[in-house]
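First, one chain by itself in structure tokens, the form predicted on its own.
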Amino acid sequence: MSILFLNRYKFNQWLRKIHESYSVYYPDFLENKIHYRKLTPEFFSGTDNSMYKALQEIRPTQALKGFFFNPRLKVGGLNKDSKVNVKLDESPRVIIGAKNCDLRPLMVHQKMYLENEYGDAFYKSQLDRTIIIAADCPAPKDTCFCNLVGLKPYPEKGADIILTTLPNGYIFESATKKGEDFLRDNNHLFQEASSEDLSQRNEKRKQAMQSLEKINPSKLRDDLPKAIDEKTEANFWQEHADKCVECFGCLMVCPTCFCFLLYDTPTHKESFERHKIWDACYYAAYARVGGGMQDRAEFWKRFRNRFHCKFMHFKNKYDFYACSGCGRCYSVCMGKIDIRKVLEKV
């Protein structure tokens, strides 16, 4: 795989070239937060300064998840002529700037949607049409805890290309054949990364890791799945659940949550549409079954289920946590429930 360097003054030239064939999404500032924007011709009237700065911040506010698992997606339906009326967008696209804490969720979703008996064709189609250019995270914030769940503040797998910002340019490292082929199509703009370039990258990564270790000096206990399973007393979970106002913001911003609900809507006397929407285990109706029975009628049981899912069941089955340590849940929580503190007390 290639490790290439691109000078900053050539970056817009490279973007303009790929924009001819791909829809391009990149991180940018909006009201002091990082969000993905779709690249438009107006971008090229300026410089790369805004994107360059955004790439050196933590993950965008919205997760990468939404690009592959839409909050609401039409997945079926019949019109009055008994014809299926579902169309998929298969046009190629490039997403720049995903962080490692948004790549772990893709691994979670692929386990659930692609590796079981029935694969999700909609998810696969979105994945197949996308080139993911992930970026290092050189400046972790206090909400970040990716190191606690086995990740580093820079990508190692899960992306097609890994990008690092340097003072005078960018390092691009291909991580998949798709990424290697993509870089080869524009290699006249690149040069081989020098030993000095790689040394700068290594130093930035070392500093980022040290920052994370200062933010999160302790580690999760080695027997965490077992400890969570054995934590059956209601008082423990109720104590933390009492801080929750049940806004469900944590589950809506969570990049790893994979639950969904299917529902049908009549659109005509002789037609209907089927939609797939995000679901959340905190909802009172989530575990309701026929006859109105609800095994988790008390909220503390639904609260506990989130920890069971991410830190026990998934870890036991796939040997990694269904949590990426991105900190979005804490950022939006009105009760300021910190997963790290709950897990410390388990």
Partner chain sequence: MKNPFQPFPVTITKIIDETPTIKTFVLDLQGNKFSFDAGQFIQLTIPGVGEAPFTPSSSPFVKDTLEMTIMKVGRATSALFEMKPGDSLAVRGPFGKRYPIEEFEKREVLILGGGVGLAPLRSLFLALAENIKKYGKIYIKYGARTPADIVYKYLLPEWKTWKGVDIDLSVDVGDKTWKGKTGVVTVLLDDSLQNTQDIVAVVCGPPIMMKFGTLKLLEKGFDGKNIYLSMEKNMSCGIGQCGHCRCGKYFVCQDGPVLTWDQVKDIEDPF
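Everything quoted here is computed from the prediction, not taken from an experiment. Residue numbers count along the first chain shown, from 1.
What comes next is about the form predicted in complex with the partner chain, which does not appear here.
Problem - Contact test in the predicted complex: residue 291 vs the partner chain, heavy atoms, 4.5 Å - result: Output for residue 291 is yes: heavy atoms within 4.5 Å of the partner chain.
Exercise for the section: Verify the contact flag for residue 157: yes if a non-hydrogen atom of it lies within 4.5 Å of a non-hydrogen atom of the partner chain in the predicted complex, no if not. Expected result: No, residue 157 sits far enough from the partner chain in the predicted complex that none of its heavy atoms falls within 4.5 Å.
Problem - residue 113: touches the partner chain in the predicted complex, heavy atom cutoff 4.5 angstroms - result: Looking in the predicted complex, residue contacts with the partner chain include residue 113, since a heavy atom lies within 4.5 Å.
Handout entry: residue 266 within 4.5 Å of the partner chain in the predicted complex, heavy atoms
Key = Contact with the partner chain, yes.
Practice task
Report the stretch among 181 to 189, 131 to 139, 257 to 265, 199 to 207 that approaches the partner chain in the predicted complex to within 4.5 Å, counting heavy atoms only.
Solution key: Of the options given, it is 257 to 265.
Practice task
Report whether all of 274, 295 and 304 sit within 4.5 Å of the partner chain in the predicted complex, measuring from non-hydrogen atoms.
Solution key: The answer is yes; 274, 295 and 304 each reach the partner chain.
Handout entry: The single option of 107, 75, 247, 224 touching the partner chain in the predicted complex, heavy atom within 4.5 Å
Key = Contact check passes for 75.
Handout entry: Among the candidates 44, 29, 299, 286, the residue which, in the predicted complex, approaches the partner chain to within 4.5 Å (heavy atoms)
Key = That would be 286.
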